[in-house]
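In structure tokens, the next block holds one chain alone, the form predicted alone.
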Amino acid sequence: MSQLLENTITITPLDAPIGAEITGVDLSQEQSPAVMKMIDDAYNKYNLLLFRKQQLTPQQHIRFGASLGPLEIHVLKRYLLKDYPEILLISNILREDGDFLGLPDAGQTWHTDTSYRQKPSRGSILYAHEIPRDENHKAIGDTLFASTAAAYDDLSPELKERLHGKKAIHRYSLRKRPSDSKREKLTKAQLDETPDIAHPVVRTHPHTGRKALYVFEGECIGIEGMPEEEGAQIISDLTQHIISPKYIYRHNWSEGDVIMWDNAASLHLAICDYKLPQRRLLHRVTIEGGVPF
């Protein structure tokens, strides 16, 4: 069912446990306070918003992101857009010097953005410039989003009680990467900027109060107060639970798509089923968040 807002704007929930599509909004334009409140409310409710057929300059992309909160500058400085450090480039395209234009393997394991910070990002806004296509011109390189809130809702009362008050330790330097990743190792400066941090295993959404799981394999190295093996098993079990198909929305991209997701209530995964000369280029801005509780 769609809800009509501001006469021409509609919000239509996706056929998935997370997300809604918004039509009737041109993100290249400065939005009225009423429209921004509508977008913000929908963002908190659905945890993922999709806008199609957008045409954004870097300035417009940044302006829209900043209207939802201060923007982060990513730790991997080499992949920031020249003159626009708020924008992280995600791309497999090669520059003339042989380096990648953007981060080539971004998101290719399940994760939530910047969970390794004391104040993880509220969310990310990803804008598709170029999308790879197969020999039949079908778009490939999908992104999967899993609702960690829906996954938490389905836990048994006993497990919810067991997890209450527990904190998982996040370590960015151990985040899983694809086996063929060409990403360079983190420098000492980058490691110093991202020390281990403990966050609640069950996170409370700062705007709605809804509970969600905030833990995943590959970056969460343990649970405070638990033996190493026991904590690792719980992290593994919860991750497999979260990424069950019933909690997932799979997005098949088109050029001009904008997706913004809520890092307090989701994990995501980029499918790398393409390679050059199939080109992929997306721009991302990231909204600052608060300390998880």
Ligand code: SIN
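Numbers follow the displayed sequence, beginning with 1. In this text, all values refer to a predicted model and were calculated from it rather than measured experimentally.
Although it is not shown, the form predicted in complex with this ligand is what the next lines describe.
S.K.: With this ligand left out of view, choose which of 201, 106, 151, 128 has a non-hydrogen atom within 4.5 angstroms of it in the predicted complex.
M.R.: If I apply the 4.5 Å criterion carefully, the residue I get is 106.
S.K.: Taking this ligand as it sits in the predicted complex, is residue 121 near enough to touch it, meaning that at least one heavy atom pair lies within 4.5 angstroms?
M.R.: Judged by the heavy-atom cut-off of 4.5 Å, residue 121 is well away from this ligand in the predicted complex.
S.K.: Can you work out whether residue 90 and this ligand are in contact in the predicted complex, taking contact to mean some heavy atom pair no more than 4.5 Å apart?
M.R.: Yes, residue 90 lies within 4.5 Å of this ligand in the predicted complex.
S.K.: Considering only heavy atoms, tell me if residue 114 and this ligand come within 4.5 Å of each other in the predicted complex.
M.R.: Because no heavy atom of residue 114 falls inside 4.5 Å of this ligand in the predicted complex, the answer is no.
S.K.: With the cut-off set at 4.5 Å between non-hydrogen atoms, does residue 268 touch this ligand in the predicted complex?
M.R.: The answer is yes: residue 268 has a heavy atom within 4.5 Å of this ligand.
S.K.: Could you run down 270 to 293 and flag each residue that has a heavy atom within 4.5 Å of this ligand in the predicted complex?
M.R.: 270, 280, 282, 284 sit within 4.5 Å of the partner.
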